[in-house]
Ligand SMILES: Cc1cc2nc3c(=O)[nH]c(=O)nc-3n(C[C@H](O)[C@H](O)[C@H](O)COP(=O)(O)OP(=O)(O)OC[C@H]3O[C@@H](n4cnc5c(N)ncnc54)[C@H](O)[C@@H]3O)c2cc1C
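Shown below, as C-alpha cells, is a lone chain in the form predicted on its own; questions about how it binds or moves come after it.
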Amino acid sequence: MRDEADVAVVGGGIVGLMTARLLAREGLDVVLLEAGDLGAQASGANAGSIHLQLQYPEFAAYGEDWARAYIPCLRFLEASLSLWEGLAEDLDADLGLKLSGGLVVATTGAQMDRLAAKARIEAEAGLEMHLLGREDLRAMAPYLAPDAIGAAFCPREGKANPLRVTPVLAGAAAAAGVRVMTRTEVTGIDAEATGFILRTGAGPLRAGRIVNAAGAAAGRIGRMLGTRLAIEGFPLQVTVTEPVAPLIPHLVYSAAAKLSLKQLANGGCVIGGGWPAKLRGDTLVTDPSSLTGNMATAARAVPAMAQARAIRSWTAWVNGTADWRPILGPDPNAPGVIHALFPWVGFSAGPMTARVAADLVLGRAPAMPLAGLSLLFD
C-alpha cells in the first residue's frame, strides 16, 4: 500500500466505514485498516436490532440513577436513528430498515412497575414511550403468550439487516476514495512530529491522524498509544430460525429474561438478547446452553416460536463498557487520535458515532455534545 495518508481509520465495521466515507467526501486521503474482513464482528454479526429505549435488564440491575446518567446517550441514539432513516436514500440501497416499534413485555406486576419507572426517565429524555395494559397489548401483539400482562412500547425502534448494511457501506466508502485494506492488522503505533506511523502486516503507514473504531479490539489500539480505554470485548451469540409465516412485526424484548426477537422480510426470526458464546482457544464457538436458553425464552414470549426450527447460530465479539456509556472523542494522551466507540448498541448508534468522529477530525464542533455522554469527558 502507499505509505502515507491524511487519516488512518482502524476498524472495518459500521463506524469505521461510515467515518472513512465522510472524511473522504471532504477531500481527505483516508486509509481504512481492518484486521480481518469487513463487518466480520459486531457490525455484521449482530442481531440487527435498532435500539432506542433503555435496556430493561440494565435498568433493573443498575437503577434509576444509572438511567438518568444515561439520558445523553438516549438522545444520541435518537439522533442516530434520524440518520438511519436517511441512510437508504443516501446510499441508494435497501438496508432492511423498518421501524415498527419495540415492546418490552412484562409478565408480573413488579416488572410493570419497573417499566413505568423506566418510561418516566425516558420521557425526561424526550423519547416517545407508551405503557400498554393487557387489553391494548393483546390488540397490538396477539402473537404474545397469554401471560403477558403489559408492555412498554417505543414506536421508533425496529430493525435493519447487518448483512446488507456493511457491504453497502464498504462499496460507498471505496467509491468515495477510501483505500480499504482488509486482513491488515495494526501491530504497533509510533508517534512522530507530524502524526503517527502505524505498523501493519502490509508495511508501515504514516498518517497525520487516527480514528480508533476497532470495536472489541479498541483497547489494544489504545494501549499502543499509551491510553487505557475502559472497554472490553464480550463474546455473544445470535440464532435465526427457518422462515415462517408473517407473525412478529415488532422488536420484542422480555422483562423476564434476556431476549431480542424480530422477524426478517424472508420470514426467518432472529433471536438474541446478549446470551454469551464460548471462547475455545482463540476461536469463538456457540454455547449450547445459551442456545437452548435463548430459544426457550423466545418460545415463552411468543409460543409459535416453539414450532420454528433453528437453522443457524453465530458468534461475534461485541464491545462493552461497564456503565454502557461511549468512549467518543479525542485521546487525552495522543493529540490527533479520535476514539469512536459506542458500546453494546453500536449498530444503532453507528451513524451518529461516525458523524461525530468525522466532525472532530475535521476540526468542527461535534454534531452532538460529548459532555456527560462520553467517558472521555468525565
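Since the structure is predicted, the reported quantities are computational estimates derived from the model, not experimental observations. Residues carry their position along the shown sequence, with the first being 1.
The protein also exists as the form predicted in complex with this ligand; that form is not presented, and the subsequent description refers to it.
Trainee: If the criterion is a non-hydrogen atom within 4.5 angstroms, does every one of Gly101, Ala125 and Asn161 touch this ligand in the predicted bound form?
Mentor: The answer is no; none of Gly101, Ala125 and Asn161 reaches this ligand.
Trainee: Given that this ligand is left out here, which of Ile338, Ala316, Val31, Ala67 has a heavy atom within 4.5 Å of it in the predicted bound form?
Mentor: Contact with this ligand in the predicted bound form is made by Ala316 alone.
Trainee: Choose one stretch from 330 to 338, 59 to 67, 317 to 325, 23 to 31: the one whose residues place a heavy atom within 4.5 angstroms of this ligand in the predicted bound form.
Mentor: It is the stretch 317 to 325.
Trainee: Using a 4.5 angstroms cut-off on non-hydrogen atoms, would Gly346 count as touching this ligand in the predicted bound form?
Mentor: Yes, contact at 4.5 Å.
Trainee: Please run the contact check for Ala42 against this ligand in the predicted bound form: heavy atoms, 4.5 angstroms, yes or no?
Mentor: Yes, Ala42 lies within 4.5 Å of this ligand in the predicted bound form.
Trainee: Test of understanding: in the predicted bound form, would Val356 fall inside 4.5 Å of this ligand by heavy atoms?
Mentor: Contact with this ligand, no.
Trainee: Just checking whether Glu185 would be counted as a contact of this ligand in the predicted bound form - the rule being heavy atoms within 4.5 angstroms.
Mentor: It does: once this ligand is placed as it appears in the predicted bound form, Glu185 has a heavy atom within 4.5 Å of it.
Trainee: Pick out the residues of 13 to 31 whose heavy atoms come within 4.5 Å of this ligand in the predicted bound form.
Mentor: Going through 13 to 31 in order - heavy atoms within 4.5 Å of this ligand in the predicted bound form - the hits are Gly13, Ile14, Val15, Gly16.
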